[in-house]
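Take a look at this one chain, the form predicted on its own, written out in structure tokens.
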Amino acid sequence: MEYEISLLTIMGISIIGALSLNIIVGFCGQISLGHAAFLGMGAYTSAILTKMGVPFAAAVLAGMVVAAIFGILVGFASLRVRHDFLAITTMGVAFLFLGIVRKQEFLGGEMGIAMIPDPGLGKVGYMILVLLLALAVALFSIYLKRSWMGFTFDVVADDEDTATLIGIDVSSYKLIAFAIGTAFAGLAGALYAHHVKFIDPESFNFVESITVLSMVVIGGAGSVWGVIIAAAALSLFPMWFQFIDQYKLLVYGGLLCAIMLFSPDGLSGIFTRSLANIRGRESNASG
């Protein structure tokens, strides 16, 4: 039973992490290849503060704030560069974060941080907390997508020049997307740290950034439910099928290639087209 509880906890954390990147990539159309760095910022901040005696909730909130602050700084970079250059910039941020963590003793260095304090909720209580937070982030994402801000994000994602011409402050909306997305990434990282009780630089390396990006692309960038399904599946498969974990990059790379070739809009696109075909057949049959 403990194993299943741990699986569900990891699944909830993965969903939060994927939805956080979806706000940046799927909603606002900004490319990020270093998202694991923001998970790491939330994790390290929360872990250090709780070891200093700060209450769990306050430490997690601090982790979100720290991640959001650095997310805004990266957002400023998105105001000067686009597309491939932005991807390279975010990748550089990820490597910079790992380099700093590895060299700083108060961050644990290469050895990482062990014995991260337990929140005191018990395994089941912590799982419920994580799943409730995942639900809250999902509902917020749906609300954001359907709000006027979500529609504005869509315009920015489609064509920044057109958005500027019609009076949209593109710079502000980019910064907002990075701030919200990285804050939720910090939440996911903090929850992960207190679940596994140990973090080190390898917990937030480039492979993890690609893993989160895979969840977004495979689920369908911009689709909340598609990303949730992909995040749940990709987080559970390596645990159910141990051989996948050894070939994670190969499996995820193959899935990404297949999705981009046959359904660039991800699982959500497949579902939408299938539903449209079914309705079309029903309409023809009734006619």
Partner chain sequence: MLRVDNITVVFGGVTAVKDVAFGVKNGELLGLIGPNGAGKTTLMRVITGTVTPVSGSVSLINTSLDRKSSHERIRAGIGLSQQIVHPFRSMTVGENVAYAAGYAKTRNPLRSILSYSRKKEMDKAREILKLLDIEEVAEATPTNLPLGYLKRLEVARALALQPKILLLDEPLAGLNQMEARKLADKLLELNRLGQTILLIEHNLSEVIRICGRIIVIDNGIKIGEGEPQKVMRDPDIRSAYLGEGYNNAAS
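Positions refer to the first chain, counted from 1. Please read these numbers as outputs of a predicted model, since none were measured by experiment.
We do not show the form predicted in complex with the partner chain, though everything after this point is about it.
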Practice task
Considering the partner chain in the predicted complex, find the one stretch among 127 to 135, 184 to 192, 112 to 120, 143 to 151 with heavy atoms no farther than 4.5 Å from it.
Solution key: 143 to 151
Practice task
Give a yes or no on whether every one of Val155, Asp159 and Ile166 sits within 4.5 angstroms of the partner chain in the predicted complex by heavy atom.
Solution key: yes
Exercise for the section: Please run the contact check for Leu175 against the partner chain in the predicted complex: heavy atoms, 4.5 angstroms, yes or no? Expected result: no
